[in-house]
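Okay, here we've got a single chain as structure tokens, the form predicted on its own, with questions on binding and movement later.
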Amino acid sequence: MNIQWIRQLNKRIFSGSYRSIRTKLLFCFLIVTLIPLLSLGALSYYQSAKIINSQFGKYGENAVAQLEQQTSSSLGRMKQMSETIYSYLLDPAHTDLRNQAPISYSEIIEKNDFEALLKSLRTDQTAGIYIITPSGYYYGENNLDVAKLRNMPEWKTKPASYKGLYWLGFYMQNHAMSSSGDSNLPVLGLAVPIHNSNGTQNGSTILIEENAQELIHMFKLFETDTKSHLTIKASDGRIVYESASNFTKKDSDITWIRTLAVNQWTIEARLPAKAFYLSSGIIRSNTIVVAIISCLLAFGFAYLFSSRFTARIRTLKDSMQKVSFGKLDTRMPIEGRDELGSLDMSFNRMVSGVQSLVQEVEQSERLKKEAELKAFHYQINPHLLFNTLNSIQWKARLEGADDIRQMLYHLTMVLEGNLDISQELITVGRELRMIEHFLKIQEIRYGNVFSYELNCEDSLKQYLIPRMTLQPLFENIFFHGFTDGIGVIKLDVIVEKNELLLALRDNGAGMTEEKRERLLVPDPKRRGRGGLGVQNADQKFKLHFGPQYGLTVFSTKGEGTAIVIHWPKEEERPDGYSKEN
């Protein structure tokens, strides 16, 4: 399973999909989003955990300090009470207090005064004040069973030779006179052995018990609130109080320790580290959950945004691919006014321009083919035509018709030049030579009734001109301008603004303005030869040199016509191709 997953991962990586714009945008969005998110989450968790742990630690310290204060208050009150009683017994005036029941009047009075003192020392928290003599007789309330008291573990563990204050600790007050009278009241006991050298109550013990319900209740509340284990130890290591729950100490436990100044008891509260850091752990878990959810949301949004953004780029790429396959009607929908929208508009304009250019090229090619077809339309079978003309020419020579022979000769030369379609562009000199043959024919036909004036420098005759463009113009003069061939023809070829300019003028019949305007306009319905040759000549210049070139016709009815042509200078190269000068 792992090997297959690794193979799929390698295939995906090396396939190059990770280099797509969508993948890069996705990673950019994730980096931009996740770094601040995770940083803020970690900082928030660190600060929150620090504050909560600090506050919880202070709360525990304050709670233990409050336990110390309440316990010290009870212990101090019991200690002060014992000191008052001890001072009273050290007074030599109270020698009538015996170790047994009083038998004289003075002893009874002294006993009553002493027990009145004990009652006066009682407070609301006092559970019992007793003076227990070595004989078992005691002073205080008549509810003490000395035998039960001496059997209590707390009392039995009291050292016999102990001097000073001996704190019995917390225990249940079950030393009543009868079992039914036991209160089972939790009390805090203090035993003070009396060492009186004057003999009064020497060897007796002062027992002071104070109600410990409120202290125990405070201990329980502390244990419940902080979930800690509470232990109170005496200075000799004896445990006087411990929480009922099972607890195993660990070095990682959080510990709060207080020592009571009254009796050097030590209050120790232990809290497992897991419980202490429970709140911060909850914050950490919540932070991790929120971070994971935020990461998933960030990934989802980043994927949606990058997909939507790159979808437009993919659409543009597909459209460009369609255009490369020749689908020039492809257009991009404009979905916005941003940079991609501007790119879409530019693409549409570019494709429209390419489509228009292709249509223009197609139109040019079509017109060029049509012009070629029109030229072919004027062709006949060259061999049959030339053989026939030669036969007629020899027939004319044998019969002495020299005019017909010369006419056929010039006609043959004109036709030979027109039917040679191996070159579409020929030199100006060659075109002028064919014009001279054409004029010879017209001269034989009409006689010397017209004049022809040519003004063209020899250096200009090397430049190229579309084949068979001047002859239709001369034909138009003789067939539509002159009457019986009478007139004057002037042809000027000059250089103007680095271009060739040809001006053909005649003083023939001219034409109306309406006819002049329709002369160069293509009309598929037009029949006959009128104007067709002029249009073909104009189309040839436009096809070869561009739409800005061509013929310009000036004519006045009854005064003649002038045709002006300008085109770029091109020379014939040795390899047969033309080159622009």
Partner chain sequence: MKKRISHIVLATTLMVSILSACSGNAGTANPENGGSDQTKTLRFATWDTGDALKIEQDIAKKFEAEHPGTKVQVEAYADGFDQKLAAGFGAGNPPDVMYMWDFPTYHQSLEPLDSFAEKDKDLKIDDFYKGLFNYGKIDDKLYGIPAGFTTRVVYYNKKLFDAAGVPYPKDGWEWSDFQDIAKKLTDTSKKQYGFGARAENDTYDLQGFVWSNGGSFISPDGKTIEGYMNSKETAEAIQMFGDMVKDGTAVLTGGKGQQSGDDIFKGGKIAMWESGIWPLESFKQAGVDVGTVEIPAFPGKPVKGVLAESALSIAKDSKNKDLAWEFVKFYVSNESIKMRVADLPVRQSVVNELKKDQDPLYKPYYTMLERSDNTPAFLLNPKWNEVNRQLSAAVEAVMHGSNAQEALNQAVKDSERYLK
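Computed from a prediction, not measured in an experiment: that's the story for all the values here. Numbering follows the first chain given and starts at 1.
This next part talks about the form predicted in complex with its partner chain, which is not shown.
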query	finding
Partner proximity in the model of the complex: Ser356 to its partner chain, non-hydrogen atom cutoff 4.5 Å	no
Touches its partner chain in the model of the complex: Tyr138 (any heavy atom, 4.5 Å)	yes
In the model of the complex, Val428 touching its partner chain (heavy atom, 4.5 Å)	no
Exercise: Ala160 in contact with its partner chain in the model of the complex, heavy atom 4.5 Å	no
The single option of Asn246, Asn448, Asn498, Asn142 touching its partner chain in the model of the complex, heavy atom within 4.5 Å	Asn142
Candidate from Lys111, Lys490, Lys148, Lys368 lying within 4.5 Å of its partner chain in the model of the complex - any heavy atom	Lys111
Contact segment among 285-293, 342-350, 409-417, 102-110, judged by heavy atoms lying within 4.5 Å of its partner chain in the model of the complex	102-110
